[in-house]
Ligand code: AMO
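The chain below stands alone and is given in structure tokens; this is the form predicted on its own.
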């Protein structure tokens, strides 16, 4: 029976069988040492010809990334040789048998260097290989906890999960930055957001959430944008105001951060970072209040602008951090005409809506707010936004039959990952990033090969 590497510390003096990849090899005199890697960590294995000449002879063939099975005895390490940096650092395996399960060709570069000093395009060009690096793996362990924690908290608040379709007859945002697809003899689109679908499902189940791939045809090549992302969406009915949405979003994000802190301590240590700081009640400012603060403190006049630009977001986060200690800040009340048709206008000031964003360390993490639930008001917005009601017939039908006051929010899994780990480029937070220049391979490279 196979023993996982992290279990070896409980089996001192026992004979075990371990499986994994050769992480590193070191020859010292008549001994061969290897670091073996499996999904739980690293283990030092020693091949001694005086213990097993056959195992030692087989070990002379080993190099990085060979997949192997090793049988041997678990020995306690002397105190001076304990390695606290690895999960099995108090033990080593004295090999008695080695089986090579799969050989590896010579490696294009040292995958197990603590820091891969390679340009991002090279890392992505060799994605199938670079995913074996422990520091890169840490990114996706953190991301898995982010997504799991979102699910856990939603379920704890009695939200039901559903899966929204990826092909839609119309766009939720009403914009042009969508991917058009040929759907048999018809025109359709890859979904920008599960927004319309989660509102439909909410109208039946009251509280719903989804973890969905969404697609944005944004013609931009930046460190923060991708064409395919994982959207963590929630929608809830019977709210009193947009503040109910803010409070639920705040609790969700705080739970995610708590879980990452508890479950990913080793991964956070690899990146030498600390989690964003939160306080009991996350500061909330209107757009106009935020712009006034920027004017007063940063001495830049962005008052009257329809939104915060990246510099504004950095400034307001820095100001709030200085004033309150919080890395998080909510901004609400955007111009109604600058948001999608379904966002609820403020009854006292209809030119501004009840939408909100959550910013953290200078970057938007979340958008959401209250939605229009009155059918006549919704239809008036459909007409004003010059939308074709025939393309969203199913969505509109739900609102003809009694939809309560409602709202929701959405978080980007990749952007949270990037911000938490302080990665310089969002592509590092995606297993297989898609952007204007890449679909697995660089498109420019693919085109030149096709033309060649």
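The structure displayed is predicted, hence computed values, not measured ones. Numbering follows the first chain given and starts at 1.
One more form of this protein should be noted, the form predicted in complex with this ligand, which is absent from this view; the next part is about it.
Contact annotation: residue 426 falls within 4.5 Å of this ligand in the predicted complex, judged by heavy atom distances. None of the heavy atoms of residue 71 is located within 4.5 Å of this ligand in the predicted complex. Residue contact check for residue 415: one or more of its heavy atoms lie within 4.5 Å of this ligand in the predicted complex.
The closest heavy atom approach of residue 193 to this ligand in the predicted complex falls within 4.5 Å. Taking the partner from elsewhere, every residue among 226, 342 and 365 has a non-hydrogen atom within 4.5 angstroms of this ligand in the predicted complex.
You can rule out all but one of 138-146, 265-273, 344-352, 211-219: in the predicted complex, only 211-219 has residues with a heavy atom within 4.5 Å of this ligand.
Shown without its partner, this chain lists 410, 45, 42, 421 as candidates; in the predicted complex, only 410 has a non-hydrogen atom within 4.5 angstroms of this ligand.
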